[in-house]
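Below are two forms of the same protein chain, given as structure tokens: structure 1, then structure 2.
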Structure 1
Amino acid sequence: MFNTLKRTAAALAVASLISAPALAADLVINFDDLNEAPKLGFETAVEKFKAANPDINVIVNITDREAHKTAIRNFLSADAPDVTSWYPGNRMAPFVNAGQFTDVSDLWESEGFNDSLASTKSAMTIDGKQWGVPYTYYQWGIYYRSDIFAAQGIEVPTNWEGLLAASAKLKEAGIAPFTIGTKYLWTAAGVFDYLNLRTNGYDVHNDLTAGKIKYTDPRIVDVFEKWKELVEPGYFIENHATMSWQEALAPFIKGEAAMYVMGNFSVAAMREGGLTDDQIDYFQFPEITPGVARAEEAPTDAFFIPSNAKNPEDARKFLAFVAQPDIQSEWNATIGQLPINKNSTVGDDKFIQKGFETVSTAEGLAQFFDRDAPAEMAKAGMEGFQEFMIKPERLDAILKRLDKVQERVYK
């Protein structure tokens, strides 16, 4: 009797295993932004992915960006997730070179990303291969007081000569051509990046931040000589080293300064300060060297598959999912940034519209100096940029110092 019961129980157990649905696979995703809107955009996309893939059990770990920057070096080597957020360009290079990120070129090919995500392909590519899938970016450029331009009879400049002429006219009228707050250094890097991109182009910019050419290289010296044409006549607002980027908005809002080289996140603060869209507008940083392909400053966020991922198959499904035009449209509407898929839609906000046109038609996208360069080099570089803006006569010493830092950082 006992043996019969055992045989019956065993048969029932086998039958239940055969008839039971397959157990869900785990997909572990590490995300790097606890701020309300980015967190909501991510979580909403995850819920939609889960609804479309009910057989996948998604586990998310969300930390703030600074903690993520520290943790990623450990978890890629030890207990890697299946997907992690990170940054394109030179910031992904150490992990690519160490064999810690998975080549997803096949995904770019099969999903048509070479076309739909073309604006970011160069930033996602190392050694001819693509290493992740981007989901958002935002534009930089020159935000300006269109009402002041109109009152002074100034046309939007399209080249360097036009920018200098506009600056001279504004200065003569008692208006600072540019506001900027360099207290926290990175704003000066935005100016440097654009001057370099427009003077020398995207490849030189990447070679510099990758440590392949020196700061004393004649091409980089030329960038600073162009910068001098804005610094020495006093075209930047005084005392900028005492101001944060937010504090530097005050003279712009008051009409004491007319232009700001800045990212699109500043528009909300301009509006909160009382400016209307009839008073503010945006234009692409003007051409400097004729014929240099237009590259833009567009910090980009992306997802990567660690080489040690336990579930790379479902990780690929997630990367393909977050690149879909409707997913990117909704996600970026939530966070007030730009979708990368060219088939996505954007809202009717004029700055979002202009930004989408700017970055989606660019020949290359820089990730910003402090993302493109290693942390120690970025810190030294930005300190040098601020010093140059205050004491341009120190240029030679600054560049030689940066060369020494570069030799140490990249060896």
Structure 2
Amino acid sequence: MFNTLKRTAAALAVASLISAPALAADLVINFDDLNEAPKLGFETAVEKFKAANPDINVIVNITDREAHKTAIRNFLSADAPDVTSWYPGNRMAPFVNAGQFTDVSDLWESEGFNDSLASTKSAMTIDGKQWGVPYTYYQWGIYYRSDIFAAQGIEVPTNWEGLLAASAKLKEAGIAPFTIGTKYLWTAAGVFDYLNLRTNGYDVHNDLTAGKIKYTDPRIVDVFEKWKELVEPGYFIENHATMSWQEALAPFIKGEAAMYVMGNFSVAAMREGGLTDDQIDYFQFPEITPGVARAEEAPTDAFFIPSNAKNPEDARKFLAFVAQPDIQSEWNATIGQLPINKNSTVGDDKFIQKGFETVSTAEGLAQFFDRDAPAEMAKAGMEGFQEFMIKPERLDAILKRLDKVQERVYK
């Protein structure tokens, strides 16, 4: 035992000696997902990059997503990697404004990303410059139990009245129309975003998250009035504030709830829970105000180059590499999400197919409430949404409080 230890220590010492002089061709990449499929997708892409660039010594650090969110603030200034994964929209704003990310607009120009990655260009842009290169996004919408719908004789709703009627029918049959777990707040923001996008459209979503519209604005109050039509009759599952999104899957899998406003990543968990593709399906969040152009939520993940990167040249090579259509096709087929490069092909999974159709035909793509709004506003907003779902009668007080926060955050 002791010998093994000694040998390991010796090996480590030798290894550190070898790697100690930082070679110019070292490329350090920090990635933020330890889940099996995303990790595999990333590692496969890195292997291909290595094969294409044998002179670059790639070093990867993969951490858990939540840990990455806290660690990034330290490592960007203290010990910056050459490439790091992060999120566009307002999530990248603090780092861009503090000068911690490198401007990669030239890469967008020279590699033709302005055309091939056009769908997410606006999300990657601050001050007219692009700050990173996206590699994946995924659709949101309503996931539902098609077997329950069939048994209850419910058609897939295409408008608000249809959705209310379907909910009423499910409720009558003793099935909760919607499951949701709001313990970690953001799930409620998904519902709010869709109600807002369908009631008022993409521009109002952007103006609200940019602080140009007050929460007490009649258009936003309208959104909450619509939400009330779901909350007051009890169309959301009870006790949702005690559950995470994964825990809220349990009633969905057991057949006690029939619909879930969610992102496509939930499909993997539904299948793991024992549901087959004959039992689950997807439909776009139905129309509310007729004539409002259909915009969708499509949160994007991207790679960025920190300003303190030691090897920015090779980092640029990597960013250009992950945007290639074939790389994005394979990567996203592995993780069950959508490639951003328009020349990529999508997987033949039915949810990916439907998602691709939903996203590629949308008039606008929102990132998500907590990525489009500044962090502090997002937190207060999402707490407000959760409170509203439990105490809808407090709507006025909640909206006034959000206005107060808004005034301070966007000054």
Partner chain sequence: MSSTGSAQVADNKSGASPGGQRSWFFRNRIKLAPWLFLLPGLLFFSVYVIAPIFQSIWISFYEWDGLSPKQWVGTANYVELLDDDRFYTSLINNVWWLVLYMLAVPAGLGIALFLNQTVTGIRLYKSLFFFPFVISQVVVGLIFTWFYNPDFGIVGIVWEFFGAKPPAILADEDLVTFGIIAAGLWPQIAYCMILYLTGLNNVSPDQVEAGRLDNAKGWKMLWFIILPQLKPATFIAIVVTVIGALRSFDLIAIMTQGGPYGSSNVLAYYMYETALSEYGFRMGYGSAIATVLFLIMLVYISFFLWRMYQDEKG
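Whichever C-alpha set is largest while still superposing within 1.5 Å between the two forms counts as the rigid core. Computed from a predicted structure; not experimentally measured. Residue 1 is the first residue of structure 1, and the numbers go on in sequence order from there.
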Name the structure that matches the description of the form predicted on its own.
1
When each C-alpha goes to the rigid part whose fit suits it best, do residue 260 and residue 323 end up together between structures 1 and 2?
no
Can you give the angle, in degrees, through which the smaller rigid part turns between structures 1 and 2?
19
Following alignment on the rigid core, what Cα displacement (Å) is computed for residue 120 between structures 1 and 2?
3.4
By how many angstrom does residue 39 shift at its CA between structures 1 and 2 when the core is held fixed?
5.6
